[in-house]
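In the block that follows, a single chain appears as structure tokens, in the form predicted on its own.
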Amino acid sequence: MHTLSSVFEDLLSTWDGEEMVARYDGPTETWMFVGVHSTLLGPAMGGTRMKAYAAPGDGLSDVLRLSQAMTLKQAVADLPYGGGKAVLAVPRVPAPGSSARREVLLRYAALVDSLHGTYVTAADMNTGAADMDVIGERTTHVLGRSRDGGGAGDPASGTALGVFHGIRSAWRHANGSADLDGVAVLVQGVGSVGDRLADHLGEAGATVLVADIDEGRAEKTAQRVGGAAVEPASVIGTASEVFAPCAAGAVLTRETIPRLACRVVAGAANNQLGSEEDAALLAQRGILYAPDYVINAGGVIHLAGYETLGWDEATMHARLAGIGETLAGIFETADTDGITTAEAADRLALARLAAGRPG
């Protein structure tokens, strides 16, 4: 039988990050994990995920994997931050605004503050601007507070606009034109990002198909943008020019890739590939893949630009549009060097990290 310590040791032995902080908070029965993967380009910045896990090791596994992805994302986005992530592995997710939720957040904020700026937190799964306001009561090392609380608010608008520019870039590479008029785009998941993305696509004249586990929400979005709703179970085989995963990760796998009926995959979801080998499977099928941590970087660009770097609206819009330009370079590298777009993205990120490494 594996003990908890042996599980932690096994996970950490294959992680190449700088610092891992694990604390069990008895009063709230919460495992608090903070993964500082890299501070090479600046403080490690990444969101806080609040979730009930089957076992503490599952929460730690999420932190290690996601913090590493954040290092690549920050590097490709050319921001003065490194990669980090946090998980609050709670017995059950407390209701928004509840005293139980506030207690977890305040105790977690004290942990973040004890790291003296090595890690800067923001919102992620099951956390939002209101939670960042609470965390901000105990530490200054937080981004994404509400506008009333002195922050830039929900970064989902930045993520959605960046993904829209990424879709246009991918479609240009696949079809020769960035014009989306009449192009069928299937958006899987219409939460805060997917819903906004559907609006951008509708305004661009795309034929918007929408799927969500909340079918009422999908119908509402589809009606607003003049599109159509698709049953969640039918998403993978539904014909479209562009498939935009904006919900759960691991949607592109050895099982699903053969059934895809699209020319481009470009969406906001994190960790879309089930494994590294799946990028090659997409390439073999002639499906252009926009690496997720490149196309969905609009959220961190939004936070850093407005709250740290003092950008105005024009600068922000230019940097979000730059996601499309970055992807264009990645697609060109992949074609020229005969590698997958995932490999080309990693190569760009690692080059920027190497350039930022002290001599």
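It should be emphasised that the depicted structure is a prediction, and the values quoted were computed from it without experimental measurement. One-based numbering along the sequence shown.
Below, we refer to the form predicted in complex with a small molecule, which is not included among the displayed structures.
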| property | result |
| --- | --- |
| Non-hydrogen atom contact Ile167 with the small molecule in the predicted bound form at 4.5 angstroms | no |
| Asn296, heavy atom within 4.5 angstroms of the small molecule in the predicted bound form | yes |
| Partner proximity in the predicted bound form: Ser240 to the small molecule, non-hydrogen atom cutoff 4.5 Å | no |
| The small molecule contact in the predicted bound form: Cys246, any heavy atom under 4.5 Å | yes |
| Residues Lys73, Val190 and Ala211 all lining the small molecule in the predicted bound form, heavy atom within 4.5 Å | yes |
| In the predicted bound form, the residue from Thr253, Asn270, Ser146, Thr139 that sits within 4.5 Å of the small molecule by heavy atoms | Asn270 |
| Single option in Arg263, His200, Arg172, Arg217 placed near the small molecule in the predicted bound form, where near means a heavy atom within 4.5 Å | Arg217 |
| One stretch from 276-284, 192-200, 91-99, 113-121 that, in the predicted bound form, holds residues within 4.5 Å of the small molecule by heavy atom | 192-200 |
